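One chain comes next, on its own, written out as structure tokens in the form predicted on its own.
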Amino acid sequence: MKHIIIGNGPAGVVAAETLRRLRPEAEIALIGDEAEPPYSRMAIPYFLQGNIDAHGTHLRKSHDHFATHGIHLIEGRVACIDSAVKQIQFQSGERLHYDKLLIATGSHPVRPNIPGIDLANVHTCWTLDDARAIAAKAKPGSRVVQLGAGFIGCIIMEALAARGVQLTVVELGDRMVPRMMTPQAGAMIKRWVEAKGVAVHVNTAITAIERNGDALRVKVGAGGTALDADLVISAAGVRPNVDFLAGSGVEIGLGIRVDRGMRTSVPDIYAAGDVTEAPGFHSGAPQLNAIQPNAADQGRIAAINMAGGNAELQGSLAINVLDTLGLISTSFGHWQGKGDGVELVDEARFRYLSLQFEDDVLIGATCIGWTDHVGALRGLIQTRTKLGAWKARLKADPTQFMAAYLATAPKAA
């Protein structure tokens, strides 16, 4: 049995290792398109800060880990899939047969349609090579303009600030981290960041990037206000890598549509990680949820089913933890809520807590400045615990979430 995995990020690596454990005799190939061992993109900011070297980003630290486990690493870019004959084709023209195929190709950074976005010294920060290029230019005192203050943007911002640059962040949305934080919470993070010396513009677009001698001039807002910069970082979000699937028969919405067993619309083809639209934890409807814990879980489930098992995903759940210049924020589940919730705000101490309910079940939570026991919030959401009388108590005092978790947890026999 030949298993091919396209994509050597967390989903692909976990899937390969799971397959090896379940099918010791199988042939397993893991394909990546970068000249690097499998690594974590989430570790790139630490590399950019200088806290770790390139080896520190590697998902498995032993140089012979994959060889020891009989996992064949292949470097190459897949151009297309011929599902009729069960073959993949590389851009080189070489073809490989598969019995079972997993697509774990992740995402790529969006390149906004902005004049000048392709100029020298305008970079994304998605690969180790990107980080190397940025590190060579982001020196103390350098003027850096960053486009985007989403989750990825804030992680990059943390690394840039640590390098001592003069940083300006421009965000099109009405707050920082708009797809993770409520309006009140996003505004609080903005206030914290500005107090740390980072200029932040929300509800603002970059309209053009121009050369200005050896530097750049970034025009922002409807009036075309000019910001001088030595370096521009584009962190405008990501999109799933699905273009190579044209003609494969694999159903695609925003990403690859999969069922709870990570099966695609084509027999013997599975998908996992950021490239997927998996059933949502609460709605069951297809949704993108590009976070590493989901990717690893989906890779494991896909591998079990590729090996002949019958595992199912509970549902794709938002799990976000962010350190923004020392301010810890988290959001879990359907944090936006459905109109039945409670919000606690302490502006002076930069503390915020929002709990969202459906009937007597906690479906989402957002917090800033709380680090103790926040896993209890995730636990209550994932177990769909019926809170009963504890719902009213939490609406009166949301800080009692740990007590609610302990009181409602199933008792050991």
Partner chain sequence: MGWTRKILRVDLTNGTCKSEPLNMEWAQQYLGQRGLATKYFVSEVDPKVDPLSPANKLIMTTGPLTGTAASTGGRYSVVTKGALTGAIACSNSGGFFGAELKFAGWDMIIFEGKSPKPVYLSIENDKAELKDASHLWGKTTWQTEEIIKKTHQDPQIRVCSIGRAGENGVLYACIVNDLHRAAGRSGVGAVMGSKNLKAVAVRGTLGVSGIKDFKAFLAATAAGKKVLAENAVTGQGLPKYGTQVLMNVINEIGALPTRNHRDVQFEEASKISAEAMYEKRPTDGKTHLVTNAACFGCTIACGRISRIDETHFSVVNKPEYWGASGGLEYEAAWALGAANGVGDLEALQFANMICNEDGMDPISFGATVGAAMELYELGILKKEDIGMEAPFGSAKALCELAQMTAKGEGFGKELGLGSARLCAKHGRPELSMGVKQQEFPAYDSRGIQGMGLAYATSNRGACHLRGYTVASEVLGIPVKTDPLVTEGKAALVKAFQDATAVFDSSGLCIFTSFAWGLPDIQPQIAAACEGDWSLEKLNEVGERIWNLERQFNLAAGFTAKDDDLPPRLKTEPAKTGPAKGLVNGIDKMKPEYYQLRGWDADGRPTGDTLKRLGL
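Positions refer to the first chain, counted from 1. Fair warning: this is a prediction, and the values are worked out from it, not measured in the lab.
One more form of this protein, predicted in complex with the partner chain, exists but is not displayed; see below.
Of the residues E34, D64, D359, D346, just one reaches the partner chain in the predicted complex with a heavy atom at 4.5 Å or closer; this is D346. Proximity of L353 to the partner chain in the predicted complex falls within the 4.5 Å heavy atom cutoff. With a 4.5 Å cutoff on heavy atoms, A396 counts as touching the partner chain in the predicted complex.
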